[in-house]
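Shown here is one chain on its own, the form predicted on its own, set out as structure tokens.
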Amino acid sequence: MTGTVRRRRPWAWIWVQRLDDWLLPTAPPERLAVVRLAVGIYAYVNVFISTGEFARLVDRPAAEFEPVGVATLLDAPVSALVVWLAYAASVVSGAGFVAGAAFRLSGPVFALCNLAWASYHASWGQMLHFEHLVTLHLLVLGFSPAAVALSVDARWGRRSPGRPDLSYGWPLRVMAIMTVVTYVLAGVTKLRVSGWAWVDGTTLVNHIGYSATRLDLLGEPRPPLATFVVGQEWLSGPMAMGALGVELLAPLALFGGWFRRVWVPSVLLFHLGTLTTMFVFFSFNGLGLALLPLYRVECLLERRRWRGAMGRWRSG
């Protein structure tokens, strides 16, 4: 009597398989679509808020142009006509991005327009770090099937909502990794630049004091909690350590569970703290939009439908 002997797979192969499953999870198309709507609306509103910046850059002297990012492909600033054509392209493609209309075209175009604008804007000596993460998220969304659901394309039959699939899951995983990496980089930078002075709160107090003093000299109101924090020496150390912990431990939030439930509120509190002590607020992060890929946000749609059904039942 013969039998087949099952060979056990090497433990290394098992862990590789688990890593592959984690990096390429399945997700319903609605989850990716909700994130597209949230990130897209934020970025689209920002286009209109930045209209004055487009106009300002047109009149800047060419000597101040120091290209970074994709702008390094340029030898000199572009003409006013090119700037406003790029603005128009952002407006038109952004509407398609949010609505999910002709998304195979509008998605990549809007993402690339944001990349070009972020690089060109930063090439004039003003590096706005909060632009970077939303641009990276747009690049992932713009080249993914993010308009399969909750879109004009789906309504017109260009795309039919499908079952949960890894093609809807991997963009969200990549976006989540991008988010936590930005926090880790911020924490590492604090330690590299300030060292122990950051850990004991000295650098943090200096930043808060400098910000408040600068606003005083400009005749602007101080951040509401700046004076209180500077006056409480015992508070600076725990605040600095808390900020560092939020940043360096961010990758653990990728695995969900209790740590994500603690980390996300801590991040929101961290951004609220920078707002109330230094008037520094990264709105994409502080409003929680950068954290959406960590959650099953399609549940919001299910609750809304459930409430709508209950309302119709009661009215009937």
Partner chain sequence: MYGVVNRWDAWWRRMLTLVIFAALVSPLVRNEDGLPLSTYPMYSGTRSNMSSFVTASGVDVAGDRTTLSALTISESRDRLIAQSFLNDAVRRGDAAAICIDIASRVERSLVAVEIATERHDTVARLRGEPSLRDREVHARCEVSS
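Numbering follows the first chain given and starts at 1. Treat the numbers as computed from the prediction; the structure is a model and nothing was measured.
Absent from the display: the form predicted together with its partner chain. The rest refers to it.
Whether R60 contacts its partner chain in the model of the complex should be assessed with a 4.5 Å heavy atom distance threshold; does it? The answer is yes: R60 has a heavy atom within 4.5 Å of its partner chain.
Next item on the list: Using a 4.5 Å heavy atom cut-off, state whether E302 contacts its partner chain in the model of the complex.
Entry: Although its partner chain is absent here, E302 would stay clear of it in the model of the complex, with no heavy atoms inside 4.5 Å.
Contact with its partner chain in the model of the complex for R192, defined as at least one heavy atom pair within 4.5 Å: yes or no? Residue-level check for R192: yes, a contact with its partner chain.
| message | Since only the chain is shown here, I'm wondering whether M278 would be in contact with its partner chain in the model of the complex (any heavy atom pair within 4.5 Å). | response | It does: once its partner chain is placed as it appears in the model of the complex, M278 has a heavy atom within 4.5 Å of it.
ask   = With its partner chain left out of view, which of A95, V230, L74, V83 would have a heavy atom within 4.5 Å of it in the model of the complex?
value = Going through each option in turn, the one that passes is V230.
Have a look at 100-108, 147-155, 74-82, 114-122 and name the one stretch with heavy atoms inside 4.5 Å of its partner chain in the model of the complex. Only one stretch qualifies here: 114-122.
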